[in-house]
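As a starting point, one isolated chain is supplied in structure tokens, in the form predicted on its own.
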């Protein structure tokens, strides 16, 4: 990573660059961002003629499953998991022409991961793209969850929002299984143990 700026750590992103290449020549798209509203992201995408719809997925996950029970064990309750899906995704007015998922999927139990990926598949139109990040340092007991702010077509500002223990690490074969219902999956490795994934619906 390059030196930190006031708003976060600035780094290039091959996945982000490829994501925006797929949006070229396609005006007025509806894009989903699974993070808190970021003025940087809204402004950048509005400048390209697109509309951004934000859902702070990680905070919603904490609010719903962060009570007295174990965080991941609670997610494995089918009724609770489906209730969360109804509250979080069913109120979104799709379809969307792309999604910025960032690192959210890393903090889901198997049941929640399957349901969430299925909802994203439902909300996205065919031939749209989704960008997701996964930490790939299997020796780390905790990994940073982060805010991701778009600086330009190929650059992100990343600000840590706390460290978390992931349920599991996402190997390349596992990632391909997770997105088996999508058309294609491209992976980009970085020097900072962050695997960037570009998924085509």
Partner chain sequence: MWNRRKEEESPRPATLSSPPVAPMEGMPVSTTPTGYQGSRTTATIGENVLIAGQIFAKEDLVIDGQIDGTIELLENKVTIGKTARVKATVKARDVVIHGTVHGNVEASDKIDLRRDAHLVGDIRAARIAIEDGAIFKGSIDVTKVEVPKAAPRPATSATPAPAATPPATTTASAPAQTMAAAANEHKR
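Numbering follows the first chain given and starts at 1. Worth saying up front: this structure is predicted, and the values here are computed from it rather than measured.
The following text describes the form predicted in complex with the partner chain, which does not appear among the structures shown.
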Segment assignment from 164-172, 136-144, 35-43, 150-158: heavy atom within 4.5 Å of the partner chain in the predicted complex: 35-43
For residue 64, is any heavy atom within 4.5 Å of the partner chain in the predicted complex, or not? no
Do residue 26 and the partner chain come within 4.5 Å of each other in the predicted complex, heavy atoms counted? no
So in the predicted complex, does any heavy atom of residue 88 sit within 4.5 Å of the partner chain? yes
Whether residue 92 contacts the partner chain in the predicted complex should be assessed with a 4.5 Å heavy atom distance threshold; does it? yes
Let me know which residues along 49-64 have a heavy atom within 4.5 Å of the partner chain in the predicted complex, or say none if there are none. 51, 52, 53, 54, 55
